[in-house]
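Shown below, as structure tokens, is a lone chain in the form predicted alone; questions about how it binds or moves come after it.
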Amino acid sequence: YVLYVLAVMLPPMVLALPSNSGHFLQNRLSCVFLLIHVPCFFPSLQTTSSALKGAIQLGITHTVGSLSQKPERDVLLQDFEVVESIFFPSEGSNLTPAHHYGDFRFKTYAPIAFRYFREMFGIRPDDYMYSLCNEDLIELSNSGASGSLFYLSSDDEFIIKTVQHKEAEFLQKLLPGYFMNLNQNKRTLLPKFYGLYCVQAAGKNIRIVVMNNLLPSAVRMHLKYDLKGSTYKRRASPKERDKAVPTYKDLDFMQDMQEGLLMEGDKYSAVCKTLHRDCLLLQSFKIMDYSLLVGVHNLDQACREQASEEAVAGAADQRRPLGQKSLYSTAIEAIQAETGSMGSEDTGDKTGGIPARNSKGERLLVYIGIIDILQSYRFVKRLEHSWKALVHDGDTVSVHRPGFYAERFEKFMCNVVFRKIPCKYRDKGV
């Protein structure tokens, strides 16, 4: 009851406090949300995660299996609004198996449309079901600032993320435009959405979205950044810096990588072209507050590490996949590029990293993708920007009108983060 009161009362309190208090309380509110909603599914907090994962896998197995019995056809406008629901009693039924997760209902949003999306990316129904349901999902410890839970499929292909009701609702509205964009342009840095579902129990809902995995586990990320093109409070916290692989932010990048990530001209142009097209689309849908996730694998540093940790590195490589199977899911495939000139065969890479160098001339593989696109510029965001702009420079905060946000985002990525490689490195190859 106390947690419920906190969840109801904190939002107006956040708006009434100074700007430096809002971020703290919003993070606390995310924790309250999870404390209220997730444990209500199952009686024991200790079994919540495994039970939720089990419910997700049962639901996906059923919905993919039943969908495979429906004939292939073109996607119709009404398909984007369809919601299918199936009840899973713990004792089982004529349609569902018995289980020990407690009674729950599983909802599938726009099943025909998402089947089409998966087919566009070369994902067969049996492969999709096998990846997500054959082995236990891996819970990722590094949850986002929103308090979302993240799960990784055992084969490294898919990420499952819990989303809030408004985000799921916005994705449903986005689907027709998303469908149109994918038909025109499969090579995109935008998230690849493969399914939207909801687990419902005890009167509560946990909505999840299945997406492509941007950072392959087979590759050690020596650096990781979440970049928005904003400088207001865009520095990793001391707590974040203590992690094994911290997620740094814009100010950290500007300080630590002053010369940026250096790419050959064709790769640089391809990255910027893709970012431009994606930003135009996001702006047209009035989407903002998204980020570019950047993972950096240092090939030269990895060689030095392998020399000292050869046995450990060899064992890790044996138990992990060589590369992703979905089409257009890797960074090198996602950027607008001529097929013949953009591969990274010279690095021996099979995971789809984009070849680059740092200011020391060290060889890098860069993995990138736009994340957190389910934020539209509604009244709350306009209010948040106005509130922050009263105290700080309005052009530096992350929350901004979609047109300005897209322009600033693209300019920062193509002028600060990615740059054309200087002539002194070209004779060494990338």
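Just so it is clear, the model here is predicted, and its values are computed rather than measured. In case it trips you up, residue 1 is the first one in the sequence shown, and so on.
This protein has a second form, the form predicted together with another copy of the chain, left out of what is shown; the following refers to that one.
Another copy of the chain is not shown here, and in the model of the complex it never comes within 4.5 Å of any heavy atom of residue 251. Taking non-hydrogen atoms only, residue 242 never approaches another copy of the chain to within 4.5 angstroms in the model of the complex. For the chain shown alone, residue 74 is a contact residue for another copy of the chain in the model of the complex, at least one non-hydrogen atom being within 4.5 angstroms.
Heavy atoms of residue 281 reach within 4.5 Å of another copy of the chain in the model of the complex, making it an interface residue.
Comment: another copy of the chain is not present in this chain, but in the model of the complex one of 200, 212, 181, 231 has a heavy atom within 4.5 Å of it, namely 181.
Exactly one listed residue, out of 80, 150, 268, 193, brings a non-hydrogen atom to within 4.5 Å of another copy of the chain in the model of the complex: 80. No member of the trio 225, 358 and 409 reaches another copy of the chain in the model of the complex with any non-hydrogen atom inside 4.5 Å. Of the candidate stretches 233 to 241, 283 to 291, 85 to 93, 215 to 223, only 283 to 291 contains residues with a heavy atom within 4.5 Å of another copy of the chain in the model of the complex. Contacts between stretch 113 to 133 and another copy of the chain, counted in the model of the complex as any heavy atom lying within 4.5 Å, involve 116 alone.
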